[in-house]
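Coming up is one lone chain in structure tokens, specifically the form predicted on its own.
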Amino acid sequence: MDDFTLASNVERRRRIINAAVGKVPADLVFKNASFVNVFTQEIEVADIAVTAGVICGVGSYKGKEEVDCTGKILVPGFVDAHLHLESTLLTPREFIKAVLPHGTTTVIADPHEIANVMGVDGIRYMMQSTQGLPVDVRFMISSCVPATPEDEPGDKLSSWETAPFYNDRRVAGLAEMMNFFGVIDGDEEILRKLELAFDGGRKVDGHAPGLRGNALNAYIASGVSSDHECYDLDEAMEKLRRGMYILIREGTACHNLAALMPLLKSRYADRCMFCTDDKHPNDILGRGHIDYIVKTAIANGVSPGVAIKAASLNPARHYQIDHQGAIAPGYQADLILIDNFDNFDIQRVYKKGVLAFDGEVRTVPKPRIEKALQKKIGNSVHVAPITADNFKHEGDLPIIGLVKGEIISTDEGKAPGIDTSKDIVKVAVVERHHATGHVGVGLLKHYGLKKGAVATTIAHDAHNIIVVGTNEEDMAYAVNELSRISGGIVVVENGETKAELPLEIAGLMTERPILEVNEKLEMAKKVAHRQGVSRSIDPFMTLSFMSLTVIPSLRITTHGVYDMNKRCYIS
């Protein structure tokens, strides 16, 4: 720190202290505020004084600006403990505009979607595109690019490439370690990534659905401290008893809050946080963000103090974000003003003491991104023209069975081919990064499609093209359409595009505003449902997870159908 910066910081600190002791008026005072004390879980009433973006006092204060909070409630800004910004389909700037009205003031982002497409450049793009925004974006550096050796991503991220990122203060640790088999087997490269994170004093997030017993002990002993993949209370309790922090997830594809609600009791609550993981625009617009989880928990009998603590102080503490997540002296003035706990109507949101939302989102600056990165992210689909023959096969194919409301799958045996009368359609993954021509083919059950095809460049985690169809001709047409529009989502029938959402940024996101994105996405969903896709599932998000090789049991990759439990290909 140079002398000028030190002197400036000292003067700022003096201002805060003088306002706290009452020598000078605070910059901003919330008068007569009922506020949630997340340390004691009490509802207190006091003036909350803010100076230089920091809460300087709780008591009786005068301010240059005063906000009367009589009859209203002040709570700390919400923290999303784990999400993939890319899954919103929006640029970070558009995402921030969407979640600020819901009280989200900090997010812990794992950029492994774009990292699988662009490697280090993908992470650099996300970090540049989140600078200076009125929501703190902290990063967990992607641990599994690729997720497993079976994947064909656009790039790979080695341990030595992750090391420089820990010099950035916005980096909170190493992201979800999905390759838990690699951890347990002592894979050299994975252990190096773990050590680099620990050496930098950072956290390591977990991702271990169904992992139990001694295998779980080994995983935790490696240093992994959290998990967001618990589908039932029994699994969550085993992980909690072994010292893990449990991230209760409520997103678009995965809904775990109802099953894990019993954790939100005083005995366990300090080990719990809330996250969205993957959330589509309509879900944000229609339900909300972290505020939806808090409201739902409270409506189901969870103490407001417990719910709000899980949404604020707990994740801030865990990810070592000093002086955030509480309403107390010295804490950053990230604050939400609501009417009451029943309605939970968010009326104002403040970021570092500055009004960011009061019925409309205030100014969100446009980040500065290197021109070379801007160019690269718009050129990510490299596939030679596809024909129906690319999807033809000999003999029976394995059937991947969808599970309602989950992203896990089942082994439904084998079949000779498409049979819509039995709800069996063809599914394939086409490599799209290096034009290798690799195409893996299988069958999918319980998706519901009766005609045409659905395809997307969002295919976790390598993000090749995943396509499902009732005939090979429409499948080929859908893939070629995705090449034409530089990635996105398409629904086709009889060689004609019925709906599309271009995602020109790495085939994952778009610059378009959320309302336009939502309109195109919802139209594509309606068309997909009209063509038979089960109305109980999200046609695109559900499909995108069928290629994620770290989720049980069967998955589809560029090489065929992979049995995650047996760790081998079965087609």
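On a predicted model such as this, the values are computed, not experimentally measured, just so you know. One rule holds for the numbers: they count along the sequence shown, beginning at 1.
The same protein also has a form predicted in complex with a further copy of the same chain, omitted here; what follows describes it.
a further copy of the same chain in the predicted bound form comes within 4.5 Å of a heavy atom belonging to residue 58.
Residue contact check for residue 237: one or more of its heavy atoms lie within 4.5 Å of a further copy of the same chain in the predicted bound form. By the criterion of a heavy atom within 4.5 Å, residue 70 is excluded from the residues contacting a further copy of the same chain in the predicted bound form. None of the heavy atoms of residue 494 is located within 4.5 Å of a further copy of the same chain in the predicted bound form. Of the residues 37, 510, 531, 518, just one reaches a further copy of the same chain in the predicted bound form with a heavy atom at 4.5 Å or closer; this is 37. 203 is the sole member of 446, 426, 93, 203 with a non-hydrogen atom lying within 4.5 angstroms of a further copy of the same chain in the predicted bound form. Between 242-250, 451-459, 383-391, 474-482, the stretch whose residues reach within 4.5 angstroms of a further copy of the same chain in the predicted bound form through a non-hydrogen atom is 242-250. In the predicted bound form, 169, 183, 184, 185, 186, 187, 188 are the residues of 162-188 with at least one heavy atom within 4.5 Å of a further copy of the same chain, listed from first to last.
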